[in-house]
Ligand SMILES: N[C@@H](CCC(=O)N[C@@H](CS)C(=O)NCC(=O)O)C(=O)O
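So this first bit is one chain, no partners, the form predicted alone, shown in structure tokens.
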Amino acid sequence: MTRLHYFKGRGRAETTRWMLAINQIAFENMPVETPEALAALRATGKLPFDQMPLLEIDGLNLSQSTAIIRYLARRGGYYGESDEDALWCDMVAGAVADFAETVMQAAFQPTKEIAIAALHARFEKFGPRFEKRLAENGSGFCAGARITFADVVLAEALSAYLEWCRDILGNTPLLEVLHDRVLREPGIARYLRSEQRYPMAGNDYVIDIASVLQRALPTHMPDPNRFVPVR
């Protein structure tokens, strides 16, 4: 059984879930919910860089999100048809990683208004460039003539943006079409309807991470040092 170890939420593991879904690979979420559970996972030796997410698949222990995504892309044939396609996949995915960082940090911001302002600013930088790439490629996809992992990771990030800013794609029609197209992929559509899909990140997710890692909460939250061990 393919197993994905991460905190109890989407975070940096969500693109892996989407790539497993488009490959129609059944998997089990293995939420790490306590410091003791994290210590036990580390003690197995399965974390090559002592970091999550960890994907157990094909007899391998895979770490680092970008490497996991690319492994699944190669496994399922989602890396384009040529070296140029693969290059564009890598370039777009690299830009998406920067673009997605802002939405992954949104739940950690002091107010919803601050989070939304940051998201709009980030989208204004990246949105038109993604739109331009789709126009230049001409197929409706980021690279080549059919869907690749670049489209999947971009659509996943856009979905998260849309949860915070419902009208953010209003001036980027090609991005909107791509987003909808990826969400209609059978495996992804099935995953998004399933109980495996964690809800949008909120305070509970922020608290869970701090609790597991035994680190401070954002300073705007009550008792921010509640999980920090007393020395």
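All residue numbers are counted from 1 along the displayed sequence. For clarity, every value in this text was computed on a predicted model and none was experimentally measured.
Not pictured, yet referred to below: the form predicted together with the ligand.
Peer 1: Quick check for you: of 62 to 70, 161 to 169, 188 to 196, 28 to 36, which stretch puts a non-hydrogen atom within 4.5 Å of the ligand in the predicted complex?
Peer 2: Going by heavy atoms within 4.5 Å, the stretch is 62 to 70.
Peer 1: Does the ligand get within 4.5 angstroms of any non-hydrogen atom of residue 52 in the predicted complex?
Peer 2: Because a heavy atom of residue 52 falls inside 4.5 Å of the ligand in the predicted complex, the answer is yes.
Peer 1: Check whether residue 213 has any heavy atom within 4.5 Å of a heavy atom of the ligand in the predicted complex, and answer yes or no.
Peer 2: Looking in the predicted complex, residue contacts with the ligand include residue 213, since a heavy atom lies within 4.5 Å.
Peer 1: Going by a heavy atom distance of 4.5 Å, is residue 46 a contact of the ligand in the predicted complex?
Peer 2: Because no heavy atom of residue 46 falls inside 4.5 Å of the ligand in the predicted complex, the answer is no.
Peer 1: Please tell me whether any heavy atom belonging to residue 42 falls inside 4.5 Å of a heavy atom of the ligand, as the geometry stands in the predicted complex.
Peer 2: Yes, contact at 4.5 Å.
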